[in-house]
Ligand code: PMV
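Here's a solo chain for you in structure tokens, the form predicted alone.
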């Protein structure tokens, strides 16, 4: 499939007004994507757990106007008007206009809220752009009722990617692959797909406790970070590493080897931050308490034998990953030894979820 298949034929019966509301989850990548080509195409494939509790809820109201040369919309976060978000939405609309030609026929009111802190290393752009894409696809579904469920989700993922790359992994759950990989059938650079192969019971209902080490604004945006991979001295090897790690995960997810899973997931997290620390300009997004938590996890895992691990996004917060069967013991460890390193003691208990939902 290519981009042309997402360009609709001429619309008819365009509605005058309406409103749709969707919730979309964040996601946490196990194999990271870092670095992209033109049009939000990833330099390497990635795979992620879709989360359940960390989500964005977006309502999109639309009313028909006389079509003009510009986009017409207002955006609110937690009922507060956010004009500083408008440039990002404007860019998004420009990228997707050829795929949704009705965009300039309406004035939109976008009202959104997150169940987690904005810009703190939890992927709010992923859940936010995914939720908006689902609302926009609901309008197209109203115009073209014959759209299939599969096409709806595929195009929503395609559109969401053009707003925020990782957003394409938030449309569905529970394991999502984005980016072409030679050994994963159906994988594409254009949209995310549900992981198509066997997953061992060990990885069902996996838990993710997010330790909020720093709830402030990130030091560097993901867009800037991705661009730093251009001419990065270690970029080529990093992209090979990601392909190899995802290839190895196929067998690990099948046979249930949690120790091998933990090794890949932690290596990927540290590789992501190594890329930022060795770029020009360079950044250290981890905080001292991030490192304290990582060392505590390693110490606890060695002493207890319990299969707890960590991963990181492009920020200071730590995602603590563990099987559901070990949740009680590991949560006790988190509360007794790790929460002290969180900003104001804040953390979020989450687990694998099942994608976007219409409300």
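Numbering follows the first chain given and starts at 1. Values in this document were obtained by computation on a predicted structure and should not be read as measured data.
The next section is about a form of this same protein that is not shown, the form predicted together with this ligand.
Peer 1: Have a look at 164, 154, 112, 188 for me and say which one sits with a heavy atom within 4.5 Å of this ligand in the predicted bound form.
Peer 2: The residue in contact is 164.
Peer 1: Under a 4.5 angstroms heavy atom criterion, identify the one residue in 62, 33, 322, 333 near this ligand in the predicted bound form.
Peer 2: The residue in contact is 33.
Peer 1: Pick from 301 to 309, 53 to 61, 25 to 33, 286 to 294: which stretch has non-hydrogen atoms within 4.5 Å of this ligand in the predicted bound form?
Peer 2: Of the options given, it is 25 to 33.
Peer 1: Decide whether residue 262 counts as a contact residue for this ligand in the predicted bound form under a heavy atom distance cut-off of 4.5 Å.
Peer 2: Residue 262 lies outside the contact set for this ligand.
Peer 1: If we define contact as a non-hydrogen atom of the residue within 4.5 angstroms of the partner, is residue 314 a contact of this ligand in the predicted bound form?
Peer 2: Although this ligand is absent here, residue 314 would touch it in the predicted bound form, with heavy atoms inside 4.5 Å.
Peer 1: Taking the shortest heavy atom distance, is residue 222 within 4.5 Å of this ligand in the predicted bound form?
Peer 2: Result yes; residue 222 sits at the interface with this ligand in the predicted bound form.
Peer 1: Is residue 180 close enough to this ligand in the predicted bound form to count, meaning some heavy atom within 4.5 Å?
Peer 2: Taking the distances in the predicted bound form, the answer for residue 180 is no, it never comes within 4.5 Å of this ligand.
Peer 1: In the predicted bound form, does each residue in the set 125, 226 and 272 place a non-hydrogen atom within 4.5 angstroms of this ligand?
Peer 2: Yes, all three are in contact.
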